[in-house]
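Just the one chain here, laid out as structure tokens, in the form predicted alone.
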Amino acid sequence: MRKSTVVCALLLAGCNRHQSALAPFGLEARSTLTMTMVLVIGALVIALGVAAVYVLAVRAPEGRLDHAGGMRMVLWLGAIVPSVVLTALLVWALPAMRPLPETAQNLRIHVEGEQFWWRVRYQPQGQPPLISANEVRIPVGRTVVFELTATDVIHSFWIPGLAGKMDMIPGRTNRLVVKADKAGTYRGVCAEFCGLSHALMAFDVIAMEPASFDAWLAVSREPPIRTQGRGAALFAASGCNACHSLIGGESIGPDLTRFGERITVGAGILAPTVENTAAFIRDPHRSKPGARMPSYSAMPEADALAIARWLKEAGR
């Protein structure tokens, strides 16, 4: 009894609503879940039917079953019924497998996988692009086209509650068309082994009501307030601006334009506190082995805290 309780508790501990295909917030994931449930129920019905036939055959009186009867059973249960059922399932499932239609007016979000973070570029129709990193915001009820590629190795873009997986291949752009139908904060991950910190490569997904998304997009285009001070001076003196942009431009490392608004640090792995940010600055490989960001272990902790505090407060 205790062992079964422990096993059930461990299985339930893996359940959540922010990163689960069983808690959809998008049309494709919802359709996939429905299809899965229908197939599971169908499989259970077939299994129960086979078990019932087995029990009846074992308990049947001697001589009741003959060769002709057995052949008829094989014909109906082994050929005709499965063919009809599978054909019906195929006809029902094909429309659900059709990708969502897209138009030139749809919001396009270019996401590039890197070791081990995500470069994000919003490309609204008729507007200049907006650069971000490790976070994706989408409007509820609107079609969004993800344009997916990779810089170094093959990654895989997966938001379990929104849609299926899509490979990100260097030199090639794959498209994933989605539509969220419920607002909330969710989580996406890399589903393709890509190096030491593959399991530490996540991103936040924020599905917003259309009006809120439009307001966020407009505000994000405004230059963030950057106050001068010790943190700003240390950021420049340490060479951080050689890899990170503070104005939404192209950069080697993750864009830090509105770092203070993000809900995680280090691509979805740390809480967005000043202390975690400072620790990541001094030793990123402790939290993310194999990351290409250099360590600043010689930097005094007070200096790292000053930079982190400036990024958190001035980047809003």
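Residue positions are given as counts along the sequence shown, with the first one as 1. Given the structure is predicted, the values throughout are model-derived calculations rather than measurements.
What comes next is about the form predicted together with a small molecule, which does not appear here.
*Asks:* Any idea which of 45-53, 276-284, 25-33, 58-66 reaches within 4.5 Å of the small molecule in the model of the complex, heavy atoms considered?
*Replies:* Only one stretch passes the 4.5 Å heavy-atom test: 276-284.
*Asks:* Is residue 186 close enough to the small molecule in the model of the complex to count, meaning some heavy atom within 4.5 Å?
*Replies:* Answer no; every heavy atom of residue 186 is more than 4.5 Å from the small molecule in the model of the complex.
*Asks:* Even though the partner isn't displayed, in the model of the complex is residue 260 close enough to the small molecule, meaning a heavy atom within 4.5 Å?
*Replies:* Taking the distances in the model of the complex, the answer for residue 260 is no, it never comes within 4.5 Å of the small molecule.
*Asks:* Tell me, yes or no, whether residue 239 is in contact with the small molecule in the model of the complex, where a contact means a heavy atom of each within 4.5 Å.
*Replies:* The answer is yes: residue 239 has a heavy atom within 4.5 Å of the small molecule.
*Asks:* I'd like to know whether residue 196 contacts the small molecule in the model of the complex, with contact meaning heavy atoms within 4.5 angstroms.
*Replies:* Residue 196: no, not in contact with the small molecule in the model of the complex.
*Asks:* Identify, from the list 117, 122, 146, 213, the residue with a heavy atom within 4.5 Å of the small molecule in the model of the complex.
*Replies:* Comparing distances to the small molecule in the model of the complex, the residue within 4.5 Å is 117.
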